[in-house]
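First, one chain by itself in structure tokens, the form predicted alone.
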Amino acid sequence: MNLKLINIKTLGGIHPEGTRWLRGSLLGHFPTLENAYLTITDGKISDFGPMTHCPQDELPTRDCSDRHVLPAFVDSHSHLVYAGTREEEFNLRLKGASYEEIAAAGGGILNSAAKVSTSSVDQLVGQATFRLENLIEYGTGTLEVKSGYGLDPENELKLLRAIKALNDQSHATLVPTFLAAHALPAWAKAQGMNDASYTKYMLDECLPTVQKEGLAGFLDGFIERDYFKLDALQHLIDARTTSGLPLKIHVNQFYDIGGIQMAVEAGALSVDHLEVMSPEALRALHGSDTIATLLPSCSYFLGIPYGPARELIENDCVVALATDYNPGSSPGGNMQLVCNMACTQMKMTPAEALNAATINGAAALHLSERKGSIAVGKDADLLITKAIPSLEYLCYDFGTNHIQTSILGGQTQ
């Protein structure tokens, strides 16, 4: 679709061509242009500027008077494709059960894996389609989607094929990640596997098919004291070297066991969660190219600490925001709400939150050249707001969808 947006009240998220990410004080500047226009040609941003320079041509136009335009959100950590829901565990937590206690009793990830095992690819796609349509309405244009609820080769590949099928039918951009180490299933324990040997088994069994069918762009593991320890992380690092798939690692959600330091040393693209941080972990991230992805809605839902956003920003770290959308610890994917939580609970400014949810999220998926900011040549993944006072209002007023229209790849949704 070719289209010209005119009379834009505020065009936000304009970053110089070639900007990879923002860190430190630069994260606090969300560049804007008042009374602007923007043109879309063949699904790309082809031009933008002040209305005084708006070209007079025959492109169809859309009047955005009293509306703001910004890049679509990039959610760089989600588990969108899963089977069923787990609201019964929500009730157990309210009665005092911890996340770890529910998992030990066969709930949590194991509960979701049981539901995946009895679901077909088509059923998984059908459920996820409904969720994805809601996310697009709330402004998400790109999202990473992890496997991890299969827990055996057959079902992990099933999940990855469902993610691929969903991506093929949607105007949103889905980026698949093979979450090889998420929880240790009963069958693996019965065969005498531990967390490390299971991780190696899953990588050895799945990666040839993953690479042959192009099913994943990243590798991941849940590195935690009670899940997968540093030996398992080493297997992921080794697989990264042989497969060429970059690492995105769950780490420091409940305990600090040295996973951040090891992941940063190995050149992981991102470390995600970071609710529990030691001085050593913070020093490892200081000035590094490994992106710190924070997931405030998970902290909200589980009642655990929030990631130390201010410390990370002040230590020259690259900070991204994402939803962790999943059925157990973050059953919602609203990036507007994530931005609000980042401000109210982690003391980020609205500009920092919006940058972390767009350009830095794109960097956490190796998509900086295509997504996350207003620049000529980038994908026309854009949001037109409702008639709200300012872009900061997106982070200020929570509980309401402030997006009027999502445009993905130049197509109005």
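Sequential numbering from 1, following the sequence displayed. All figures in this text were calculated on a predicted structure; none of them were measured in a lab.
Only in words, not in the display: the form predicted together with N-(iminomethyl)-L-glutamic acid (NIG), which the text now covers.
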Could you check which residue among G328, P308, G150, G333 gets a heavy atom within 4.5 Å of N-(iminomethyl)-L-glutamic acid (NIG) in the predicted complex? G328
Heavy atom of each of H79, Y99 and I109 within 4.5 Å of N-(iminomethyl)-L-glutamic acid (NIG) in the predicted complex: yes
Would you mind picking out the stretch of 208-216, 280-288, 318-326, 233-241 that comes within 4.5 angstroms of N-(iminomethyl)-L-glutamic acid (NIG) in the predicted complex, counting non-hydrogen atoms? 318-326
Partner contact for F222 in the predicted complex: N-(iminomethyl)-L-glutamic acid (NIG), 4.5 angstroms, heavy atom: yes
Can you tell me if Q253 lies within 4.5 angstroms of N-(iminomethyl)-L-glutamic acid (NIG) in the predicted complex, counting non-hydrogen atoms only? yes
Are any of the heavy atoms in L124 no more than 4.5 Å from a heavy atom of N-(iminomethyl)-L-glutamic acid (NIG) in the predicted complex? no
Check H273 for me: does it contact N-(iminomethyl)-L-glutamic acid (NIG) in the predicted complex (non-hydrogen atoms, 4.5 angstroms)? yes
Counting only non-hydrogen atoms and a 4.5 Å cut-off, give the residues of 1-36 close to N-(iminomethyl)-L-glutamic acid (NIG) in the predicted complex. none
